[in-house]
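Just the one chain here, the form predicted alone, laid out as C-alpha cells.
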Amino acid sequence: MDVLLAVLFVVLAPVIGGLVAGIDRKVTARMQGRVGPPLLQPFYDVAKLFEKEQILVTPSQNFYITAYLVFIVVSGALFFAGGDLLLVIFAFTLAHIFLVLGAYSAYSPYSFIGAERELIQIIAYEPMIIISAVGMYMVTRSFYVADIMAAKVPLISYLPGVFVGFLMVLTIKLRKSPFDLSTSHHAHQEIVKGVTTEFSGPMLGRVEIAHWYENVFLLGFIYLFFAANPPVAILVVAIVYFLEILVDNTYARVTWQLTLKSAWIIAGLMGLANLGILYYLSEVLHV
C-alpha cells in the first residue's frame, strides 16, 4: 500500500469534500433561480459548529460519532492507498453502524426513525457495493485497489451494468433525493434531520466532515471504472456528480419501500446480470 497517498487523502479530502459541497450548493441554487451562498460557505458552517457549546444527550454519543468519523477516514485511506477493497467496504459499513448507534443512543423519536431509515439504506445499497467489488475482481483477478487501478482496459467496458447499478446506490450514499431518507442537506428538512436530529455543535461538525470524506471516497470509486484513462475518468466523475445534483433538484423523496425495491431491482437486474455474463464469457467461452 502507498502510505503517502493515504496521508494525502487524510489531509486533502476534507478540503476537496468541502469545495465539492460548496459547488453543490451553488449549482443547486442556480437550478432553483437563486444566487446561492459563497463557495466556501460549508467551511464557514462547520467552523461555526465547532465554536458552539458541546451538548450531549448521552455521553456515548460522542464515542459513536468519533468512531464514525475515524472509520470513514480509515476506509478512504485504505482505498486511496490501494488496499483490499473488501476491507475498505467492511470499514465503510462499520462506520455507518456507529452512526446508527449514535442516533439510537439519543432516545429521541425523530433520531430513532432516522436510525431505522439509515439501516434500511444500508440494506439497500450494501449488496450493490459488494457486487461492484466482485465485478472488479472478475475483471482484474484482484481485490486490491492498486491492481484494479493498474488495469489497462477501462472496467466500464466489462461492467456497464454494475456501473449503472452503482450509480443507483450512489444517490442513496450522497443522501440526495429521491433517496434522502435518513437525512439530507435541504433547508426544509433542517429542523428535523432524521439520523442527525440530536447531534449539535462540534459533534455535528464531525458528522459533516465525515460526509466530506465519504463523498471523496465515493467519487474515487466512480473513478475506478474509468481508471485506465485518467482525463476521461475525471470528466465522468464531474458529469456523474452534476447529474446527482440535477436528480436531487428534480425528484421528491420516495418511501423507504420504493427505495429498497429500486436498489435491489437495479442490483438484481443490472449488477447480477452483468456478473452472470462475465462468468459465462470467461468460464464457458474462455473469452
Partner chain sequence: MSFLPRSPWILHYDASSCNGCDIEVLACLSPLYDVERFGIVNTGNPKHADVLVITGGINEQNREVVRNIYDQMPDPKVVVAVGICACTGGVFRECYNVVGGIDCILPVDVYVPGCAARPESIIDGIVRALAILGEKRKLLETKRTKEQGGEDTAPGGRK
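Positions refer to the first chain, counted from 1. Everything quoted here is computed from the prediction, not taken from an experiment.
Beyond the structure shown, there is the form predicted in complex with the partner chain, which is absent from this document and is the topic of what follows.
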Choose from 198-206, 72-80, 126-134, 159-167 the stretch whose residues reach within 4.5 Å of the partner chain in the predicted complex, heavy atoms counted.
-> 198-206
Contact with the partner chain in the predicted complex, heavy atom within 4.5 Å, among Y44, F242, Y223, Y251 goes to Y44
Just to confirm, K193 within 4.5 Å of the partner chain in the predicted complex by heavy atoms?
-> yes
Spell out, yes or no, whether the shortest heavy atom distance between K261 and the partner chain in the predicted complex is within 4.5 Å.
-> no
With the partner left out of view, is L235 within 4.5 angstroms of the partner chain in the predicted complex by any non-hydrogen atom?
-> no
At the 4.5 Å heavy atom threshold, is P230 in contact with the partner chain in the predicted complex?
-> no
Does any residue in 24-46 get within 4.5 Å of the partner chain in the predicted complex, counting heavy atoms only, and if so which ones?
-> R25, Q32, G33, R34, V35, G36, P37, P38, Q41, Y44, D45
